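Consider the single chain below, provided in structure tokens and representing the form predicted on its own.
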Amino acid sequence: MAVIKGRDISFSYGSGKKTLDHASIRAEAGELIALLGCNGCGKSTLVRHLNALLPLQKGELRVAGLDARAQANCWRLRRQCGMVFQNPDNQFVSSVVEEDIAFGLENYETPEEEIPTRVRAALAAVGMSGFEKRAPHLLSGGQKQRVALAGVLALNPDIIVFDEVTAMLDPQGRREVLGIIDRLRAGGKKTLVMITHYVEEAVMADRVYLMAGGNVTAQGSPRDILTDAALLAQNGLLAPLPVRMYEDLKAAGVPLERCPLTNEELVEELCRFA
């Protein structure tokens, strides 16, 4: 069952130039979809319609059964669809971790006696137990992003959007955050939308949407999209390293049996060839 159904969505910020131009998107319950594209292609603009951060100007959009065109659904959309942004500092409202997470619960009128339990459970889910009394500004980038995600998880939305959440992180922080996203995906209870311009991150998705010029230029499985080096190049993206090595080896007269998508698959193909 589709929990996100958007068709022909167009949007302009006021300059007259369309940031989105008849873009369409769909996500099934429990699915992880990746929106992949260069900066300025419209990824963030598209997903900010999902929880009414941007009003729907043209097109159709239903999220968790709610019509995004109806102003009355604004707060219900934001409850159903949580967002984690690129810069976690922009999401913090308190100088204490547990108070920051509790803030969202209080806004949604969560019974007071439930709040401490939900705060602890959310922090445990992102590996941040024991940080309840810490100040967010003293945490590392990866820790901040995990606390920001805990704030969203505490509200228990059906849909979570990750808007380039690894863009400001070092390799260790990226691994931590991507590991949490992978665990959420494996749980299958939430629909996840991950926006990135790192092709390697899109490998973990169930389905990839490729965006350029405010529109969806292609969609399909990660293997269909990410092993097509020519398609990625047309959209200003570089294929994953295993795919590039496959193409280079083929050009050098050393064809592998299949195009590998991950480093592990590349090792398998090289060992098979040897």
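Residues carry their position along the shown sequence, with the first being 1. This is a predicted model, so every value here is computed, not measured.
One more form of this protein, predicted in complex with a small molecule, exists but is not displayed; see below.
Participant: Would you mind picking out the stretch of 42-50, 221-229, 25-33, 66-74 that comes within 4.5 angstroms of the small molecule in the model of the complex, counting non-hydrogen atoms?
Facilitator: Answer to the contact question: 42-50.
Participant: When the contact criterion is heavy atoms within 4.5 Å, does L249 count as touching the small molecule in the model of the complex?
Facilitator: Judged by the heavy-atom cut-off of 4.5 Å, L249 is well away from the small molecule in the model of the complex.
Participant: Could you confirm whether C38 comes within 4.5 Å of the small molecule in the model of the complex, counting heavy atoms only?
Facilitator: Flag for C38 set to yes.
Participant: Is T262 one of the residues lying within 4.5 Å of the small molecule in the model of the complex, judged by heavy atom distances?
Facilitator: Taking the distances in the model of the complex, the answer for T262 is no, it never comes within 4.5 Å of the small molecule.
Participant: If you check in the model of the complex, is E164 within 4.5 Å of the small molecule, heavy atoms only?
Facilitator: E164: yes, in contact with the small molecule in the model of the complex.
Participant: Using heavy atoms only and a 4.5 Å cut-off, determine which of R185, H197, R79, R118 is in contact with the small molecule in the model of the complex.
Facilitator: Flagged contact: H197.
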